[in-house]
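Given next, in structure tokens, is a single chain: the form predicted alone.
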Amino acid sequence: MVEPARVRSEIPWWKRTTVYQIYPRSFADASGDGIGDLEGIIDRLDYVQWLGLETIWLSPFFASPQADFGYDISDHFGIAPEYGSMEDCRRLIDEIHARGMKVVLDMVLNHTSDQHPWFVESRSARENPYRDFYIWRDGRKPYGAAPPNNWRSMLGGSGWHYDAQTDQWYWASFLPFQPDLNYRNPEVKRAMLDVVRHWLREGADGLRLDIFNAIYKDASFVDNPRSLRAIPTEDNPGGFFQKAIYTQNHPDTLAFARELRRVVDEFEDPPRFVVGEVFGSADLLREYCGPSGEGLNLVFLFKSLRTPFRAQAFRDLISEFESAFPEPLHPTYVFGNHDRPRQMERLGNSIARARLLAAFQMSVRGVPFVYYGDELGLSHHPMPRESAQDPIAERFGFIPKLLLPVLRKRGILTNRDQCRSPMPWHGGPHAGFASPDAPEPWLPLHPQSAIMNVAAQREDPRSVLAAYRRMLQQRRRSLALSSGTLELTDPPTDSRRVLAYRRVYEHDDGAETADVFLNFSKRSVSIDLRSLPRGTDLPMYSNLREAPVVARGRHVLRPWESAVVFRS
């Protein structure tokens, strides 16, 4: 494997990077108050660098009443005091860059907190200059006692909320205390694009765009059509018996994606990128990127969250993503985040499957996003809904407990506390998340923290952490894995349990090729490598072995093992 810098420089860094999502409140507490903070993240940056991940995405740490733990912003230019100061933020960005890594900040452009000064002014009087910064409407007749139309929020129920002081309703796509901004007001758009420019000037290398598909709502305010679908999915984000055609994925939002990209492209040294949290079919999501990549650089492709863990299902997933996002577009592979069940939930809490998933995610064409703790195989943490801090838990309180596992299987959480437990660093007090004399962490530690932690896995070559590090090292050393084309191939075996594909990167000195084989079964499978060009005496790297082996003729893949054969 070779890594000539002159070849790598031809490929945008954001296409070949690997991303690690940190939920600041749960990662590391340096101040000793039981809440994770920016200084705690700085203290743990060497771990992320050692692991081999190249870009850090930070969930919001901006000034906020923390009703939705940072996704309800009251000052886009300030830092929440429980997380630190602006000086801490700048130091964090500098420390990330000093380690040769990049930083992505979470931009909440769709809405603000109801305690943001703009909204405080907006709701004070109909004649206030900030009134049109948000979406206000009269109620339906008679007497305005009903919401303006039938639009539902992303969580079900009406997204309209009555304000008695001015006798009108305001719109919120998500929670009632997160009123949507009115992007049809040019002043709003200008102000929010200035927020984007501010954080790019502060050193952000990329931006993650929260519920970007809800930015624009239809100006006619006509009712959404009815639907028979009760539960929203990634392909059909409406749900709740309604098609969200006037509240999500509006044509004006697609146009705004291109306008936002032009703003981001103002910053060229180094190039920056944006990734959108959007929902819809793969063909619709491609429109956010534009036919030639002139829109958002990347979009999250959440279909991977509910793809059955079988070789054929993953083959179909690759085929769909490759068809929808051919070069110059680029897919993403996501298996967990702060809103979704831990990936171990869908893997049946199997460490062997987790190691295989790491091998897949780091070898397929696309940008991998890893949620903190998933590299440890951290499992879902059941927490009582009655004691939940997550504001959506109360909203979903009507759902019978028997249905909760069904919803989790579909990637829907009704209590997101369960995937946000503090990061376990070692088996001591507070699992190393905070000092021993600190108060109890803001959320309970995972019950397996004593054994499922960084210190316990760091020296164990069989651990999930070791598998992630091995695969990240392979990806970093290989132009084929980080930057090559992808071709699905027939596995050199008659088994349907093996997924096979070929990555190829062509450069001035020839080409580098990586043949990838993944055994999606609990049985050993023999693969015949003699059909490969120069199919003997080639180095083979496994997700289960520390050192490479030599591929000769037939090779036996152990249960849930992956193998990569490199040729140059």
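Heads up: residue numbers just count along the shown sequence, starting at 1. Nothing here was measured: the structure is a model prediction, and the numbers come from that model.
Below, we refer to the form predicted in complex with 1-deoxynojirimycin (NOJ), which is not included among the displayed structures.
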Please run the contact check for V454 against 1-deoxynojirimycin (NOJ) in the predicted bound form: heavy atoms, 4.5 angstroms, yes or no?
-> no
Classify F174 as contacting or not contacting 1-deoxynojirimycin (NOJ) in the predicted bound form by the rule of any non-hydrogen atom within 4.5 angstroms, answering yes or no.
-> yes
Does at least one non-hydrogen atom of D339 fall within 4.5 angstroms of 1-deoxynojirimycin (NOJ) in the predicted bound form?
-> yes
If you check in the predicted bound form, is D68 within 4.5 Å of 1-deoxynojirimycin (NOJ), heavy atoms only?
-> yes
Of these, 483-491, 357-365, 371-379, 331-339, which stretch puts a heavy atom within 4.5 angstroms of 1-deoxynojirimycin (NOJ) in the predicted bound form?
-> 331-339
1-deoxynojirimycin (NOJ) in the predicted bound form has a heavy atom of only one listed residue within 4.5 Å, and of N415, S74, Q178, Q242 that residue is Q178
In this chain shown alone, the residue from M383, L260, I211, L317 with a heavy atom within 4.5 Å of 1-deoxynojirimycin (NOJ) in the predicted bound form is I211
Those residues of 274-300 with a non-hydrogen atom no more than 4.5 Å from 1-deoxynojirimycin (NOJ) in the predicted bound form are E277
